[in-house]
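Before any questions on how it binds or moves, here is one chain, the form predicted alone, in structure tokens.
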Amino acid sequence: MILVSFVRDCVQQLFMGGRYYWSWIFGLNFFILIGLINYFRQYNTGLILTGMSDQVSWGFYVSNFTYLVGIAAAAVMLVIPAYIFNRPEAKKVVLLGEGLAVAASLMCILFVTVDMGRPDRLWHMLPFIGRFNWPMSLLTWDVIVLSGYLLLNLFMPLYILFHEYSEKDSNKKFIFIAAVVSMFWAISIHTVTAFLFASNPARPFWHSALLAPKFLASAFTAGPAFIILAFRVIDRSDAYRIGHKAIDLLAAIVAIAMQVNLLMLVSELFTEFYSEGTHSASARYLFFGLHGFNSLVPWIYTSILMNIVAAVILMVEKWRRNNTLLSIACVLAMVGVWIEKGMGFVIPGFIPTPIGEVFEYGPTWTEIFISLGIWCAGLLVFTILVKAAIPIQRGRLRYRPE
């Protein structure tokens, strides 16, 4: 059967590679193993091994989850020009972008799992089996949109690649409809995540109408930046020629999104501090410290500096077209947004507590190693998907009847 040959040939591609490829694979698996060992310790001992507490109940795991939902949503920045505007440079690489969306979605699910003290109770979230509490629960909506987005981004590339492999014409109308659904679904996953935070009136730092558009702006900054770096690595490895047009398109998107993100930051700062009240306590803790507690102050100013430097580089076309400067700007944008949406957003929402207590949070080595393991698992999934897709897209891997 063609399907069996398709699976077999794709798996065979995973075992073909040079020294750098296998070093990368073994390195990822090593840190995945370290993460698993630390997770088993956390599972057996409990969340006491983390820096979280009753006062700060979301920490490093949820920070990474929030960031990665944006990375997953960023695939739409290739889907729109590829299928809606029919841009050939985007069509050439859109499947690789959707592979990143699959990897990021899986990492989101893993971060939610390790954040739970009792992951064996996840079955309660399954439709028709557990107590789904839909449509009232925003967490349930988040599970629906994230799982649906994962399946959608997994199915579309497989459908296209299978037809290319078997040298059959795919249904263009079906692909277009799936692309339109994917476009709106990508926006929904980060919007629902923003609503999950904004629906907490007891946490005024999160309770903002600006949160959903700000989440999208930061997602369309960090996500395409990550894709650019991945494309540059693939391009330099000679495995697949990405070309400068697709990278230029993504760089322009990052430049615009970063400026919008900074504008929203300025708007938030004005609102919080021009007429400062008790609702601004979390913002004051984040930017200036509160009652002598200021562990997050260096984090947020580092993030702002990184974002500004990245924006300046990306705004100048000559600098943006310089590969070295573009890579530096993408790294700064990724790290800057990660700090802003993680340690600079999730944690301050809990500080101070609704009764005015200040409990500072810092990730433990257990959280760091588990998080590193999950990131490496996601990169491994992305590597596997890219490794199988590229030979088919280049036309080197086709079905040959035995």
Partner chain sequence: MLLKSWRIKAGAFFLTVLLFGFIPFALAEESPSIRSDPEDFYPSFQSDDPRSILLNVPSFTYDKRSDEIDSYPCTTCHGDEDLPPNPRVRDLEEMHAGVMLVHGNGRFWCLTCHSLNKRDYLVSLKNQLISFDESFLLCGQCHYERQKDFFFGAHGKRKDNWILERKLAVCTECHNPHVTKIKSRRPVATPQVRKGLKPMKRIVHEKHKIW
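Positions refer to the first chain, counted from 1. Treat the numbers as computed from the prediction; the structure is a model and nothing was measured.
This protein has a second form, the form predicted together with its partner chain, left out of what is shown; the following refers to that one.
K.L.:
Using heavy atoms and a 4.5 Å limit, would one call residue 48 a contact residue for its partner chain in the predicted complex?
P.N.:
Judged by the heavy-atom cut-off of 4.5 Å, residue 48 is in contact with its partner chain in the predicted complex.
K.L.:
With heavy atoms only and a cut-off of 4.5 Å, decide whether residue 52 touches its partner chain in the predicted complex.
P.N.:
Result yes; residue 52 sits at the interface with its partner chain in the predicted complex.
K.L.:
Against its partner chain in the predicted complex, would residue 162 count as a contact residue? Criterion: heavy atoms within 4.5 Å.
P.N.:
Close contact is absent here: in the predicted complex, residue 162 is far from its partner chain, nothing within 4.5 Å, heavy atoms only.
K.L.:
Please determine whether residue 359 contacts its partner chain in the predicted complex, using a 4.5 Å cut-off between heavy atoms.
P.N.:
Answer yes; at least one heavy atom of residue 359 falls within 4.5 Å of its partner chain in the predicted complex.
K.L.:
Just to be sure I understand the contacts: of 291, 168, 244, 172, which is the one whose heavy atoms reach within 4.5 angstroms of its partner chain in the predicted complex?
P.N.:
That would be 291.
K.L.:
Heavy atoms within 4.5 Å of its partner chain in the predicted complex: which stretch in 64-72, 24-32, 335-343, 359-367 meets that?
P.N.:
Contact-bearing stretch, as computed: 359-367.
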